[in-house]
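Just the one chain here, laid out as structure tokens, in the form predicted on its own.
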Amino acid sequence: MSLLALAQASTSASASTSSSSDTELDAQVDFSTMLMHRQREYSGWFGCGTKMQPEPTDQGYYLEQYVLGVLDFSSQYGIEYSISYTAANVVGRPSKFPAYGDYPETFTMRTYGDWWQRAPSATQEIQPQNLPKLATHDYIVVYFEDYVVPTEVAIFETFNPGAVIRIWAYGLTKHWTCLWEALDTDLAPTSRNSRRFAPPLLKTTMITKTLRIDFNHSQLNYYTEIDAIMLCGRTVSGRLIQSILEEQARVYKSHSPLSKMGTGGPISCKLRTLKFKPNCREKNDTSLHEFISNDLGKFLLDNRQEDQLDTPACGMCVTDLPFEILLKILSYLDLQSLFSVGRVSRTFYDISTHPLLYAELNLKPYWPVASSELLCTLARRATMLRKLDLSWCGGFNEISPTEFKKFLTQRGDNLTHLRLNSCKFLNASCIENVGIVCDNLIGMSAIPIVQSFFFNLLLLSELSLRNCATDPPLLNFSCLANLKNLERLDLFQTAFDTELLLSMLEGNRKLKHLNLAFCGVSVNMDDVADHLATYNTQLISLDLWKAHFLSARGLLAISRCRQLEELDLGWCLREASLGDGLFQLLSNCPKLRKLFLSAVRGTTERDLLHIATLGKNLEQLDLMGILNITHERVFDILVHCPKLQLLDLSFCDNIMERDFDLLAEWSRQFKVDIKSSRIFDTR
């Protein structure tokens, strides 16, 4: 399903929180209604030509403005306390455009191509049928100084352009509008030049100063870099903004689901559709009852649509199929379609609300409409919930910590997979505020929200908390140590307490995948490596990208994890020599398929020989920024590593300009994608 179409049918205004009782009506907040409400009520795109955002007849002057600040992002190449390759670099005017090349003053994301999805650490999407045709891999949310009616958005790309797939705007109505969405053909490789990318936007009268840019890296040859983002449009008066806010408050009240509880059921809706208006002035206590009992069937038959009358009778209809077959068919539907099917008939409603269809929930593709009310509705259906992905959801307070905690208290008992990547409602202030609620719910005054639901998640095998709150550290409480069955733990770009991590490693001896990239300067990775070698010998993948305080001693400890298939040590080994660490790693870990040694300056020619002789199963090898590598050692690696598919030699000082043509020839000869400072076409 197109996310541009999803935006057309975006959520209705938020409503007051409903009761959590399982016996209440399931349809208090209907997902399909949330998605379709604005299209029906406001004649098209939400925020476009609607009563809530009237035609701005008193527009001001045309304004071009650059980013004032960054609200959110999913990943970045640089570390938080650095100015190189971070999201903050999109603030202000372009600093490098129109120059083309790799510049630390730009915003760069963590991945490119599909190499990370080919690695042993790759994860499978929960509810993949929910994903759009062009999935979002990364995003950034930025804001500007002044509200405008947008007419143009320009993105200044200075290195490997072509990853932008959607442009969203957040309006005064507190809803997201998709202003532009890419087609498959838009991801075709672009020229190796910088570009000012300004696609044609949806014509709209919405008012905004907040944008979200979505990226898909699948066709990128290397990292893409963004220099700046510009928003162009007409300014609006403060009087108009105030009137819109007042109208929004009125519509918020009139469209509350609680205010519609008495609007009737499916029979009433059908009668309204047929414009049935019974005259009940006489005997009004019995006339409607008599009509429904005696004449309703004939009335509905007489008012069938023409296409229904012309349809030949069929000996069997779809509802005659066995319940199990219908359940299997509906299991292939995305979440929005599943809610829509439930509106067809009582039979389809019963099937579409079956708990087996909600054993896995992925709301990440529906981040623009995910809300506390939607969680409340899903809590009534997902009584057998096993896997939950709320990544990217809940921005701008759309999901309250209270409702999130209530949802997991009700349905978290059997969870095995929990992904909360970039969930901004999981911050320290929210935890503190909800601590009061937890006192009433579980009768313990000193337990914060996260501890309370983690007591219910002892069956978890996967916990992903990528890019969560970092100031103050979110993961600084001992309740996480109660988890004993983790096989995957992802703390990418999330601050945590060292002692807590060591306790978790000791308690989760089945751990197979661990991501501690960008974990912060307070963590001693040598201590972590010692714990891994002692308690987590089944480890398959380990990501320490830009982690700190890992020495040759730590590398020797990691080499004792003999099941390793993937290891990322990029930018975290700064010693002059690795000693025998790399040799021991390659000797003890023959299954190693991915090895990233980006900017590991202590790599010697002897280490490169060890890679060539011992890395028989290597598929991805990153030697970016290695000082001592020569084209002779490169040839050795290509000859002796027959499974190699990716070799990154970018910014290696000893790879001279004269070697680039030779590398291009080797790339074709050995069928290896070789990255170098001069990008060439290997096809």
Partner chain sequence: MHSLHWTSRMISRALRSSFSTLLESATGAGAASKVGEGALKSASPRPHFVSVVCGFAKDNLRHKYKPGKYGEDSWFKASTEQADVMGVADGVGGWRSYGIDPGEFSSFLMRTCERLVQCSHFNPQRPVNLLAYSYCELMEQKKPILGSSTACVLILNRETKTVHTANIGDSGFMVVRQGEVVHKSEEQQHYFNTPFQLSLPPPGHGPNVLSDSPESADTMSFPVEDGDVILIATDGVFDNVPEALLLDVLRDVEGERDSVKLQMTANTLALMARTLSLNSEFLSPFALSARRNNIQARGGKPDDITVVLATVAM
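Source: prediction; values computed, not measured. Positions refer to the first chain, counted from 1.
Beyond the structure shown, there is the form predicted together with its partner chain, which is absent from this document and is the topic of what follows.
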Could you spot which one of E247, D72, D102, E462 gets a heavy atom to within 4.5 Å of its partner chain in the model of the complex? D102
Contact residue in the model of the complex, from N193, S82, Q538, S345 (heavy atom within 4.5 Å of its partner chain): S82
Quick one: find which of 551 to 559, 527 to 535, 142 to 150, 176 to 184 has residues within 4.5 Å of its partner chain in the model of the complex by heavy atom distance. 142 to 150
Classify D138 as contacting or not contacting its partner chain in the model of the complex by the rule of any non-hydrogen atom within 4.5 angstroms, answering yes or no. no
is_contact(V639, its partner chain) in the model of the complex, heavy atom dist at most 4.5 Å: no
I'd like to know whether K546 contacts its partner chain in the model of the complex, with contact meaning heavy atoms within 4.5 angstroms. yes
Is R601 part of the interface with its partner chain in the model of the complex - any heavy atom within 4.5 Å? yes
Is it true that Y61, N89 and Q242, all three, sit within 4.5 Å of its partner chain in the model of the complex, judged by heavy atoms? yes
Across 594 to 628, which residues bring a heavy atom to within 4.5 Å of its partner chain in the model of the complex? R601, G602, M624, G625, L627
